[in-house]
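Coming up are structure 1 and structure 2: the same protein chain in two forms, each one given alone as structure tokens.
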Structure 1
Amino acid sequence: MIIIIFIIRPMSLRMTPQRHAVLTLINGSARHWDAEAISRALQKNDQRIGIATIYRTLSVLEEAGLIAAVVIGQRKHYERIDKPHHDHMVCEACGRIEEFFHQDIETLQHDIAKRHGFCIQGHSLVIFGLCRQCQ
């Protein structure tokens, strides 16, 4: 009898004070954060972390699977990893990001992929327009 053992080593990630501060900020809210917003929020809490460190920290945390990123326009925004799948609507006037989920959209995407012989590994849907307040 042959026994095969798989050993999975977690990515070794040193939790520096800067990483902890950024992770705590993102995980403590439901909003979408870009690096500049994180910098401003941390400064309000008297936590001075350079913007270059914030960008590096976000990259490391995303790579480690501790936060999720979505590209909206030309900028990455980060959010908690524990949210269920959703898509985004972005107001081009005020920048507000609203999350939504609609099963019909998900079904259509899978049907289209199947017709094209495409295996979906993931997707990101971002709709741009004007929110109710800015219309």
Structure 2
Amino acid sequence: MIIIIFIIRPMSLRMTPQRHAVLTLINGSARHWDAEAISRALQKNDQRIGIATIYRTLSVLEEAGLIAAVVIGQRKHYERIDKPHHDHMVCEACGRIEEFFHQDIETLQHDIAKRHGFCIQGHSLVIFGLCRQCQ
């Protein structure tokens, strides 16, 4: 957490119990969290944080580069930042989210962006289907 303070402070942000709780929760699992899921998980832990604060905290932590965001469906989910870049595969039946990385897919995206004169800044790739258990 010490490193957090070195990131947080120069942005004139303060480390609060709320921010600590959200960050600890996300860093403590491999899950993908949305605001509601975080709220519920913290309540189970007897940490109740106002929902507005959760939304604010997620934005702040994302902007500070301390968590990563993924849009799945039309909802924003957050996950720990300490994983290398990857894309997602979502089971339409059970909601299971699996991660994958394929260097060729990454490279080809850059190729095609260049071909269109686009300066690529990012991408969102989500594969929908049925996981092994659900098909």
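For numbering, take structure 1's sequence and count from 1. Take the two forms, superpose them, and find the largest set of C-alpha atoms that agree within 1.5 Å; that set is the rigid core. Only a predicted model underlies this, so the values are computations on that prediction, with no experimental measurement involved.
Form predicted on its own - which displayed structure it is:
Between the two, the form predicted on its own is shown as structure 1, not structure 2.
With both forms fit on the core, has K76 moved 2 Å or more by CA between structure 1 and structure 2? No, shifts by less than 2 Å.
field: Per-residue C-alpha change between structure 1 and structure 2, I112, threshold 2 Å, rigid core fit
entry: Moves: yes, 2 Å or greater.
* **Q121: CA movement between structure 1 and structure 2 [superposed on rigid core, Å]** => For Q121, the alpha-carbon shift amounts to 2.5 Å.
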